[in-house]
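For reference, the chain that follows is the form predicted on its own, supplied as structure tokens.
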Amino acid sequence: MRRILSSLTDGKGFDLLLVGITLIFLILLAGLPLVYNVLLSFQEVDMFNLAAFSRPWAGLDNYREIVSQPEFGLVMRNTGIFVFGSIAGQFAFGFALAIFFMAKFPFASTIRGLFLVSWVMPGLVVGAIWGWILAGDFGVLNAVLQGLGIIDETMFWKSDPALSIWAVTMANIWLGLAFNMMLLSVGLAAIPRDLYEAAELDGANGFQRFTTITVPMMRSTIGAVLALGLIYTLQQFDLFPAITEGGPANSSNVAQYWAWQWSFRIFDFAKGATVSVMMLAFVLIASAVYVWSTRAEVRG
């Protein structure tokens, strides 16, 4: 015991202690719940046997039943629209804002800091705000679009089956915009200014400097931003109960909200776990693609 204590006080073994504490924390609060959730997806679990140690084994029946649900295709389509629409919007607008704030102008840091307000706001609060913005009768968005002459009649963003998924997507783009801008600003700041000056002396215009310097130098940053955006978007839950509740007629329902409905409305915890495991498999595949695409940067 004395040798162990001395190894901690004189620095030897202290790094192993920190790693061990972190590893135990991850196993207890992330690893075990993940394994338990995967196990649930292969069992028959409802509110009556949830606390039981032994439950009936279902095998792949839960997966077959989920895939055979009539709303499965619509939910997967909505999930794809929500995920890729959110990531594309957050990245495009975030990159544009990051480049914009790299310019030197008065109060640039202050204005950039104001954008971070959206990132620290709870999702339910953001959902409530966007619920007012997207309201059909008194919403700000309709008033602005009609004032600009873009639309002639009122658009019911939350209750129109063709628009409801886009309503939540717009809210999520606004919610994650600041996070993308912040990470991309860090990547832009790491690019040496000498490269831009040399390219400008060689006669390269702004677009050429962007495609030959900015994008290649930020490849790893862009990959990290897109990967994190995928994970955070698939985690997004609060906006749906606050804006559309998955309706009307599942037109804005996505996988994460569908999993919650199975577990806490229908009380079929096994099928809720099954949907979440499907989402986990998709994230693992996307993460593997990201790691494979950036292996050259890691080796370098």
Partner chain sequence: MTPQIEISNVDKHYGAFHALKDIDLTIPKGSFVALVGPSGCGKSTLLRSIAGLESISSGDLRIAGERMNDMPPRKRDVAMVFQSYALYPHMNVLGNLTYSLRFKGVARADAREKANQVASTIGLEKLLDRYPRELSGGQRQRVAMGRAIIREPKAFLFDEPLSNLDAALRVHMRMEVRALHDRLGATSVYVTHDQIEAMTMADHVVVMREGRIEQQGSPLDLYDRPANRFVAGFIGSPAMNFVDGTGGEDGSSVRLDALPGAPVLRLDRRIEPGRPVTAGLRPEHLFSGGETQITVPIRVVESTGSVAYYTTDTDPELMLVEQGRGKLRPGDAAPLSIAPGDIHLFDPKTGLAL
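These figures come from a predicted structure and were not determined experimentally. Numbering follows the first chain given and starts at 1.
Another form, the form predicted in complex with the partner chain, is not on view; read the next lines as being about it.
Interface residue among P216, G147, G113, G80, judged by heavy atoms within 4.5 Å of the partner chain in the predicted complex: P216.
Checked against the partner chain in the predicted complex, the candidates L124, A162, A96, A198 yield a single residue with a heavy atom inside 4.5 Å, and that residue is A198. Stretch 200 to 208 is the answer when you ask which of 80 to 88, 200 to 208, 180 to 188, 222 to 230 has residues with heavy atoms within 4.5 Å of the partner chain in the predicted complex.
Proximity of E153 to the partner chain in the predicted complex falls outside the 4.5 Å heavy atom cutoff.
Taking the partner from the other structure, the partner chain in the predicted complex has no heavy atom within 4.5 Å of any heavy atom of D137.
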